[in-house]
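The chain below stands alone and is given as structure tokens, in the form predicted alone.
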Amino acid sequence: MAKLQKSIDKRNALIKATITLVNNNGFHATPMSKIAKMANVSPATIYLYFENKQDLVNKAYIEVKAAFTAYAFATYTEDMSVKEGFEIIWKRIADFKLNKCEEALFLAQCDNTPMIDESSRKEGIKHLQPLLDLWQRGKEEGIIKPISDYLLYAYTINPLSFLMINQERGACAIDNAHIEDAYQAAWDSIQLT
């Protein structure tokens, strides 16, 4: 049992080191040797868990995306109204992005660069299915604008990454009033009037 836990700890340390280094240096300036050093393992150990750097980054992305969406949808149920469900999900996403900045920044980089392969990107999108289903229901009920899910995401979720990055830089401090204003702006941008 202790060996299994040690193996899990090493793998988790590699994932965490990858997230930190990619956030600080970018994908291309993060060699496997630096990941191994930060994780306190030999470089050869990485290859016991991952095929190569691309595999490591893809798996880190999927794990972080899974944790993000599990958090986002933890208090959402399908029997909620579209507006209530969207508010619950949106505020949970905001909380994750503003309080788990390292993971959120990693996801933002992965979502906006070609460093994640297409199959991993598609797997990451599957994790958003409850939100996509809610938007579809909202469109069918005439509550949400009948526009592309990409546009819905761009107008409602992407602005949270902008707020997170600027809060991390010290350019602004996001308080509850800002969260409420940002939520209302997000909802107003997609609801049919």
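If you're wondering where the values come from, they're calculated on a predicted model, not measured in any experiment. Superpose the two forms; the largest set of C-alphas matching within 1.5 Å is the rigid core. In case it trips you up, residue 1 is the first one in the sequence shown, and so on.
Although it is not shown, the form predicted together with another copy of the chain is what the next lines describe.
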- [ ] Pick the stretch from 63 to 71, 133 to 141, 40 to 48, 161 to 169 whose residues have a heavy atom within 4.5 Å of another copy of the chain in the model of the complex.
- [x] 161 to 169
Open item on the list: Whether Trp90 contacts another copy of the chain in the model of the complex should be assessed with a 4.5 Å heavy atom distance threshold; does it?
Closed with: yes
TODO: Answer yes if any heavy atom of Asp111 is within 4.5 Å of a heavy atom of another copy of the chain in the model of the complex; otherwise answer no.
DONE: yes
Task: Touches another copy of the chain in the model of the complex: Met32 (any heavy atom, 4.5 Å) - done: no
Open item on the list: Can you tell me if Ser189 lies within 4.5 angstroms of another copy of the chain in the model of the complex, counting non-hydrogen atoms only?
Closed with: yes
Task: Non-hydrogen atom within 4.5 angstroms of another copy of the chain in the model of the complex for each of Asn23, Arg121 and Ile147 - done: yes
Task: Did Ala185 shift 2 Å or more between the shown form and the other one, C-alpha, core superposed - done: no
- [ ] Please check if Asn166 moves between the shown form and the other one, taking a CA shift of 2 Å or more relative to the superposed core as movement.
- [x] yes
